[in-house]
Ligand SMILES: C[S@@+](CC[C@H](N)C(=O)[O-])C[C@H]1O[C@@H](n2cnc3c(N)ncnc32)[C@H](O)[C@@H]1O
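To begin, one chain is listed below as structure tokens, in the form predicted on its own.
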């Protein structure tokens, strides 16, 4: 029986043949540079969990990219809150490097991470990757990005950065939006502030009367409002799990595809939910298209 050879300690691994976690076609040296793999091809539990999340997200993104290419010969993707750009590099390595005139833009505020990502893109000859030291909000107005973007992603963009990514996607008329929200505190803070005024108005306020429920309900209602907002701009929205809850508690995956759907009903629902839970003051953040001047 043929035995698989294990890499020697200290050796640089160039093949994924003995690593079932690595997808076919993936550049192993890139994963080593991203510190997902060690130089001798090993992977700790944290790296395995991280890679599983990114690969699972890629399974949702890949068909969206293919759909774009059915109607045009190139595709653009913006990854917000890119961090070390695990997602962007893996998408480029598995999909974009075989394309012409297609591009991934990584948006990240930390300049040292932007510089490192630029170095890696150059090292691996990924000309269709750019990295910009901008906040998500700043990128919406930046002239360094195209007027139209096909796919917008935001993986664990904290708190309002996810909402900024939505604003960016709406302005850029993105065909597809893929979000994994994280650390949603803004709505919970408004619920807490208005709790005294709301308690006597409806029994529903019992849902968020206790502080721990305020936090949890605030996170839940934030994503409900985001989905209604996207639907109120003509998008079809699907909400599912990214991976099993044992891998990450920040696990909700929102996928929106522009279908030019009727906007009136979700816009009405959006307004009604805001009023019901006492969040009217947030209507400028979670706005419907018909309300835009």
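Everything numeric in this text was worked out from a predicted model, so none of it was measured. Numbering follows the first chain given and starts at 1.
Just so you know, the form predicted in complex with this ligand exists too; it's not on screen, but the next bit is about it.
Trainee: Please check if residue 128 has a heavy atom lying within 4.5 Å of any heavy atom of this ligand in the model of the complex.
Mentor: So residue 128 does not count as contacting this ligand.
Trainee: When the contact criterion is heavy atoms within 4.5 Å, does residue 194 count as touching this ligand in the model of the complex?
Mentor: Taking the distances in the model of the complex, the answer for residue 194 is no, it never comes within 4.5 Å of this ligand.
Trainee: Residue-level contact is defined here as any heavy atom of the residue lying within 4.5 Å of this ligand in the model of the complex; does residue 82 satisfy this criterion?
Mentor: Residue 82: yes, in contact with this ligand in the model of the complex.
Trainee: Using a 4.5 Å heavy atom cut-off, state whether residue 86 contacts this ligand in the model of the complex.
Mentor: Yes - in the model of the complex, heavy atoms of residue 86 and this ligand come within 4.5 Å of each other.
Trainee: Candidate spot 169, 226 and 271, all three in 4.5 Å heavy atom range of this ligand in the model of the complex?
Mentor: Checked in the model of the complex: no contact with this ligand for any of the three.
Trainee: Quick check for you: of 95 to 103, 110 to 118, 214 to 222, 141 to 149, which stretch puts a non-hydrogen atom within 4.5 Å of this ligand in the model of the complex?
Mentor: Heavy-atom contact with the partner occurs in 110 to 118.
Trainee: Within 4.5 Å of this ligand in the model of the complex, heavy atoms considered, which of 174, 188, 155, 90?
Mentor: Of 174, 188, 155, 90, the residue with a heavy atom within 4.5 Å of this ligand in the model of the complex is 155.
Trainee: Taking this ligand in the model of the complex as the reference, which of 50, 39, 263, 56 has a non-hydrogen atom within 4.5 Å?
Mentor: Going through each option in turn, the one that passes is 50.
Trainee: With this ligand taken in the model of the complex, which residues across 117 to 146 come within 4.5 angstroms through any non-hydrogen atom?
Mentor: Contacts from 117 to 146: 134, 135, 136.
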